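Both blocks below hold the same protein chain, though in two forms, and each is given as structure tokens: structure 1 and structure 2.
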Structure 1
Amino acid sequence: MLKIRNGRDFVGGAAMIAVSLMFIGFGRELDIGNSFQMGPGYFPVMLSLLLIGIGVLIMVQSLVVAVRDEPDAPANWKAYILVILAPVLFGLALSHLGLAPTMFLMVGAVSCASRYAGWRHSIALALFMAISSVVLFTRLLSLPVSAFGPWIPFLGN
């Protein structure tokens, strides 16, 4: 008899499958086309099918892992809150601070959610991500995003 040992993974896999089926349902009126002539519904359907496959793998893994006897890790609420709030704060701060400081603050804040990241690695990662995102989005892709916003007048436009 199979036993669900890791309920969090099982529920996560089921949630991924449910969200994927919801997106397939929403996009069923879009033309899918084929691999050579993709319609507007091709990418969402393929992404949803990929997500269903990953969800099934996660659910199966939560059943297979049940053989080992290890306690469930306690919930890391600080990580949940930081990861959920980071995109919201990114959207709010981007127009005022600019891309580089916003990216630096968000990556630094979210890396604090990890139990394994030290402050040196977090700062190095935040600097790398800030510089890389500025080069990618402002220089290479020429998106209308400024590196520094009006709240940083000595570096901004």
Structure 2
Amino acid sequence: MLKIRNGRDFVGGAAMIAVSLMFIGFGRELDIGNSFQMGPGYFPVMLSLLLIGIGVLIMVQSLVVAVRDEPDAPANWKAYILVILAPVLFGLALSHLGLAPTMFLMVGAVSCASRYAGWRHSIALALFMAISSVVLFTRLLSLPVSAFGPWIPFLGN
């Protein structure tokens, strides 16, 4: 009976195989051509096949070779979710709220990812970032974003 001796590598190898299958699957419309006249699909498909091979090797290795593995740091899901999702919300809100409120909200939200943040510090930092980004990016570097967007009454434009 085969036993998985290195769970991390087993998952890693499987992930690489999944990535290659995705590239092959989404690229099945692309013309592969032949090695003389390669079509647009040739390079990605050959690479994907190679990556499947490597993924299989990594998985086989994870069944054969055991490792002494240092345990991971405990997962901090709050931090992951905040840090990954806050930029997405920033992108969605920017054109509606404008730079200043969006930056304020994003920095404020993302600060909560740290266990040392206090609300006074966070609000001060968020204000500082909102003001300095408006000065730096809309005034000095004249990026085409307004400080306040159409969703903000009176100030927005």
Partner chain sequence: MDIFSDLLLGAATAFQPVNLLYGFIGCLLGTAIGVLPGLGPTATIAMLLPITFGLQPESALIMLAGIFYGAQYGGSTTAILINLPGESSSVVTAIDGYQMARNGRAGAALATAALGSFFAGTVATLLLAVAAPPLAAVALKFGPAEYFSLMILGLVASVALASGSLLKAFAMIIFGLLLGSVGTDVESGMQRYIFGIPELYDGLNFVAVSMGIFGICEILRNLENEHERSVGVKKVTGLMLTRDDFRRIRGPVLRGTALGSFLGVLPGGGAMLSSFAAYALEKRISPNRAEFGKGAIEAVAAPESANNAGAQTSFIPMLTLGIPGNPVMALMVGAMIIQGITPGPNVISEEPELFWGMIVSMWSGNLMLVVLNLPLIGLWVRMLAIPYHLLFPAIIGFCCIGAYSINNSAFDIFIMAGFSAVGFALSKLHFEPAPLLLGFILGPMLEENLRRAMLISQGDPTIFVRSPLSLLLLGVAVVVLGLVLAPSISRKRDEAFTE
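Residue numbering: sequential along structure 1, first residue numbered 1. We call the rigid core whatever largest set of C-alpha positions still superposes within 1.5 Å between the two forms. Here the structure is a predicted model, which means the values were calculated and not measured.
Shown first, as structure 1, is the form predicted on its own. A movement of the C-alpha atom of Y42 reaching 2 angstroms or beyond is seen between structure 1 and structure 2 when the two forms are aligned on their rigid core. Annotation: Cα of T138 displaced by less than 2 Å between structure 1 and structure 2, core superposition. Once both forms are fitted on their core, the CA shift for F148 between structure 1 and structure 2 remains under 2 Å. Superposed on the core, the two forms differ at V19, whose C-alpha moves 13.9 Å between structure 1 and structure 2.
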